[in-house]
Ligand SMILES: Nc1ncnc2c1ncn2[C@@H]1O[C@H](COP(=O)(O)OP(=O)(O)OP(=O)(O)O)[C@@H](O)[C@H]1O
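Let's start with one chain on its own, the form predicted alone, as structure tokens.
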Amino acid sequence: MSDVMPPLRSHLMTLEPRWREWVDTLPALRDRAADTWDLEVGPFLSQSVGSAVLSVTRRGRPAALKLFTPDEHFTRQVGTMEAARGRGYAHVYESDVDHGAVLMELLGRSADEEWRVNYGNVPAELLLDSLAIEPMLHARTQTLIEAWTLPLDVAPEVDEKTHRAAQLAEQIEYWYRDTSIELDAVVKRALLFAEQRLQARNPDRQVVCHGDPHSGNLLAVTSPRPGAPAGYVWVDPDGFRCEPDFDLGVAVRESNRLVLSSEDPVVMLRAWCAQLAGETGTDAEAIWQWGFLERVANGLYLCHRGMPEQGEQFLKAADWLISRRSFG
């Protein structure tokens, strides 16, 4: 594991053998892709469990080489981006899903990185009174609108069992049984919203959703180009059919610091939902419900995965939204 960044290498030593085995194969995967696609390989741009991105050059043209654990998710991810042909998503130049490699457009910083650089040290109370949030939301809506132009046949049809609302309800119930946190009211509200979203499902409104459009998956293009009207594109899509309000719900689930700092977070988030709905022709109430669902599911998932500090921020924000109090 000599090619792996030290923090990740240390983390991987605590994980199950298959992750450690995959990291041990990274040099061979990198060299295979370099030989196959005639690449000059540069440094790592990022690394996480089961994924690594390197800076590369092919015939003098900069690109990014992503290496991933080969599985169904990776295949769907690459297929979604290839079908997009750069509209709302990063361009894919070459792919080898059997060996977990994809050659992609080189991009700049994520929206999350830019937000932390520009506003990470700004007190939440000041951010709530600033105009910084509107451009952030606008960039997401404009890039999602491009991404939703994918033809529906890119993703399989969904029914009442495979619809995202049904999956979230099942996951929330499972993860909640695995936690010691007392959040019955929050979970009850989330399950109610899941049932309402399931009952409101409408195949005629469905698009191929990104599925996880948080700010870390929204990256800046290095120069203006078609398909990136706001100067950003998406990476790492899940690529499934759902109503577009779902993706917008994910877009409002992140701002826990602002939610917890607001005296009236409901008014604040409702305003965001209204802005997103107005820009996309979607339903503000549906965005609100999806956002709450995703906030609860993400918090429980992080707690389940052994990251309680991160997870509890989502859950505290959800509790504050419905009861104006914070647990713990």
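Residue indices: 1-based, along the sequence shown. In this text the structure is predicted, and so the values were computed from the model without any measurement.
In what follows, reference is made to the form predicted together with the named molecule, a form of this protein that is not presented.
When the named molecule is considered in the predicted complex, only one residue from 104, 97, 158, 169 comes within 4.5 Å through any heavy atom, namely 104. Distance criterion of 4.5 Å from any heavy atom to the named molecule in the predicted complex singles out 53 from the list 26, 39, 277, 53. In the predicted complex, the named molecule sits within 4.5 Å of a heavy atom belonging to residue 216. Residue 68 belongs to the set of residues with a heavy atom inside 4.5 Å of the named molecule in the predicted complex.
Although the partner is absent from this view, residue 48 contacts the named molecule in the predicted complex, with a non-hydrogen atom inside 4.5 angstroms.
Residue contact with the named molecule in the predicted complex: residue 302 places no heavy atom within 4.5 Å of it.
In short, of 143-151, 171-179, 199-207, 230-238 it is 230-238 that has heavy atoms within 4.5 Å of the named molecule in the predicted complex.
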